[in-house]
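Only one chain comes next, encoded as structure tokens, the form predicted on its own.
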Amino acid sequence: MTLAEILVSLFPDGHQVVLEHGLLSGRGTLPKAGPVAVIGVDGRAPVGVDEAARLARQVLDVVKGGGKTPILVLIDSDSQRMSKRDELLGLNEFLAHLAKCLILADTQGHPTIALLYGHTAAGAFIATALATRTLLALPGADPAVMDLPSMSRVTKLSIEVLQEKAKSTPVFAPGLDNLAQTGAVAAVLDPQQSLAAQVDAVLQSQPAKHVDSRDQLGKERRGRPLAADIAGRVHGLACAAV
């Protein structure tokens, strides 16, 4: 689906979402959830310090406005911008700030939900879609926390070894199916049905308080069989030490 088609399906009664320099901003109204704030990245635009700062400002503006307005993050991005300028200005801190703003919004009562409809990778993926409480996707979406060549450089394992591991271990493999199996992607939506109704249903089913259940979802889907148990043990030990 194109961005225009997605917006029509999400907001059949119209919207005030605008696209400027690869960034999305504005508002729309879902049939049941009501008004939602919309931010995002389109056209496989990279996310650098300027883009991260603008997106973070939009999130903080929603929080300052009060209420419980949900924030919908639409994503079709490149990775973080690979430039000397951005790195020297502290791109990692800008991306971390954006992610923390989204987490803050959710904890302050603004449910955050992302819809991945194109590509996304690396820091841009982590600071936007993965920083929301619930990540949804459309068929054909192409997420990658790290591609195999990059993973090879970091782990010092050959591409062939990683390709073999990816066949049985989703955490070693990019792609929508693998991200869904690990629990990172909560659900893949049906583009033939109303996106408004599907996103409404997800928002209505979310608990009132911020809860991150991705590790449990990964366990149920056999993509991350140990993460939930380890997290539970760590939490138990931390509570016992208080």
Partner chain sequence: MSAVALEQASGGDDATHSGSSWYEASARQRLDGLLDADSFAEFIGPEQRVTSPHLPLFNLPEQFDDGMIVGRGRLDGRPVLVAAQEGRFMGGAFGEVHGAKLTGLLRAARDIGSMPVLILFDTGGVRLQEANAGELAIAEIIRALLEARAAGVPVVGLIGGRAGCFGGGGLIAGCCSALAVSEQGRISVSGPEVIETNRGVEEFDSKDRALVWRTMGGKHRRLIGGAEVYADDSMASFRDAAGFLLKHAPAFGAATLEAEQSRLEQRIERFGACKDAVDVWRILGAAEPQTIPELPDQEFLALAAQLQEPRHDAR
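Residue numbers count along the first chain shown, from 1. Not measured: the values here are computed from a predicted model. Each form is matched to the other, and the largest set of C-alpha atoms that superpose within 1.5 Å is called the rigid core.
Note that the form predicted in complex with its partner chain isn't included here; everything after this is about it.
- Within 4.5 Å of any heavy atom of its partner chain in the predicted bound form lies no heavy atom of Leu138.
- Contact annotation: Ala4 falls outside 4.5 Å of its partner chain in the predicted bound form, judged by heavy atom distances.
- Using a 4.5 Å cutoff between non-hydrogen atoms, Gly109 does not count as a contact of its partner chain in the predicted bound form.
- Proximity of Arg57 to its partner chain in the predicted bound form: non-hydrogen atoms within 4.5 Å are present.
- Residues Asn92, Ala96 and Val171 are all found to lie within 4.5 Å of its partner chain in the predicted bound form, as judged by heavy atom distances.
- Only one segment in the set 209 to 217, 192 to 200, 66 to 74, 34 to 42 has any non-hydrogen atom within 4.5 angstroms of its partner chain in the predicted bound form, and it is 209 to 217.
- For the stretch 207 to 242, the set of residues having any non-hydrogen atom within 4.5 angstroms of its partner chain in the predicted bound form comprises His210, Asp212, Arg214, Asp215, Arg224, Pro225, Leu226, Ala227, Ile230, Ala231, Arg233, Val234, His235, Leu237, Ala238, Cys239, Ala241, Val242, in sequence order.
- Shown in the overlay between the shown form and the other one, fitted on the rigid core, is a CA shift at Ile126 smaller than 2 Å.
- Superposition on the rigid core between the shown form and the other one places the CA atom of Lys165 2 Å or more away from its counterpart.
- In the core-superposed comparison between the shown form and the other one, Thr155 has its Cα shifted by at least 2 Å.
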